[in-house]
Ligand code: SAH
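Next up: just one chain, as structure tokens, the form predicted alone.
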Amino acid sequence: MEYLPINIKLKEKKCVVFGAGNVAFRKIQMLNKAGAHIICVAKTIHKDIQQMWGDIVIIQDDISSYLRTVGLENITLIISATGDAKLAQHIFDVAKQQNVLINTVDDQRLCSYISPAIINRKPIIISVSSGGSAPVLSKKIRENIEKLLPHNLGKLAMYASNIRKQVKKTFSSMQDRRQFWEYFFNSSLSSRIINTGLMPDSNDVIEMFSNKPEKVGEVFLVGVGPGDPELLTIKALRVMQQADIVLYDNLIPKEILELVRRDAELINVGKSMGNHKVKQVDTNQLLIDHALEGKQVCRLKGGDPFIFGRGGEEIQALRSAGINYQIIPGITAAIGCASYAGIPLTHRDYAQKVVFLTAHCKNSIDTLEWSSLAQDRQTLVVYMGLMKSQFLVDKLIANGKNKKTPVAIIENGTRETQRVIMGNLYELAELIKHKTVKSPALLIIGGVAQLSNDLAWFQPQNHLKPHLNVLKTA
């Protein structure tokens, strides 16, 4: 993150705008809304700025002369909108020398801060920035967000501000206050303010909360998909941003973890190949214990919770303990990784059946029905198959599978580091070793695997994706 997003209070602070054309006028209007004490310096003054005489200080002078004689003492912020590259460089150098924040219009090099695209629902202010790299894109994102935000959202925020002291006095602990605000913002009273602008009596709001049923804990099993954060469901994202406690696996990408509510407690209960640092029974107990404390618990699982994710075992434990739970499915690795590799799991010319199997069985992989798995015109999708790949190959070929059956190894599927390795069944284990394939990796065995050569579309190094973080809530 090159720029830290902050909101700066400019009320009655001295801000200088160098330049006095159309662009400068728009910047002055923005500063004026923030209550800044504005000084505009330029040789030629635009008529719209001239009409602001009295509201702002206008100095009709040579800018270089002004910098030399008056300087930047006690100035909080500068906007440079001269349209003169040489003069802009000079203004920036002086500002940098005197540690004054400066934004030079349309020249990211000469900026110590970036002016974002702003959505104003006073006192709610939302800013969108591309770090100066694509300001028009920032504006488009702002327009899309603005359509979603109710006109009276600011009134709701003002109402919350007005009753804040009363809430703090009524509820002594921070947790009780947070629960109150979550309850209030999800209530019909909150909706009424947004829809009508009418403000309810604060005593009624607090009484409603005080009489509500005691908060009951609940566990949400959430599938986050194979890795690309944009494959999250809307419901999964909402739960992640409302949870008190989040238990997550090792393979959950940091880009997805960053979408969790910022003040939620994160607990890593992940397992990796040969390292089960948190036993399943302990994970089950953590889910139960936190739910019994009345907390909203989010259990994040890669792919889908019910496809080799041990979600069924966790639900059985919750049900035995009498804990409320919900299951939010995710895109399983077989579907997501195959799609991003351009491999249709079914195809009329190659496969009329798909079999999902894992090489990491509770007892032994040797208990699988190999004669059935070796049949033609089907696709085998193998989860957690790296260590057992040679055993898998030997069993399939011994049971009649053509040794030249196409295979695909998909490493880090759907992610920016995705790698697809093609080959034949007999060389699968050697490919894994020679290409140094690491987990997470998925194996696809069957005629459809060869279609990746023609149908692959995802090019990670060139794949530009919008940031899901615009959906992130505080």
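Here the structure is a predicted model, which is why all the values come from computation and not from measurement. Note that residue numbering begins at 1 and tracks the sequence as displayed.
Although not depicted, the form predicted in complex with the named molecule is the subject of the following passage.
- Contact check for P406: every heavy atom lies farther than 4.5 Å from the named molecule in the model of the complex.
- Proximity of A441 to the named molecule in the model of the complex falls within the 4.5 Å heavy atom cutoff.
- Although the partner is absent from this view, L72 stays clear of the named molecule in the model of the complex, with no non-hydrogen atom inside 4.5 angstroms.
- Remark: Y383 counts among the residues lining the named molecule in the model of the complex, judged by a heavy atom distance of 4.5 Å or less.
- Of the candidate stretches 445-453, 56-64, 34-42, 412-420, only 412-420 contains residues with a heavy atom within 4.5 Å of the named molecule in the model of the complex.
- Among I91, V222, C337, V297, the residue placing a heavy atom within 4.5 Å of the named molecule in the model of the complex is C337.
- Listed residues L251, V354, M208, L87 were compared with the named molecule in the model of the complex; L251 is the one with a heavy atom within 4.5 Å.
- Along 329-354, these residues reach a heavy atom to within 4.5 Å of the named molecule in the model of the complex: T332, A333, C337.
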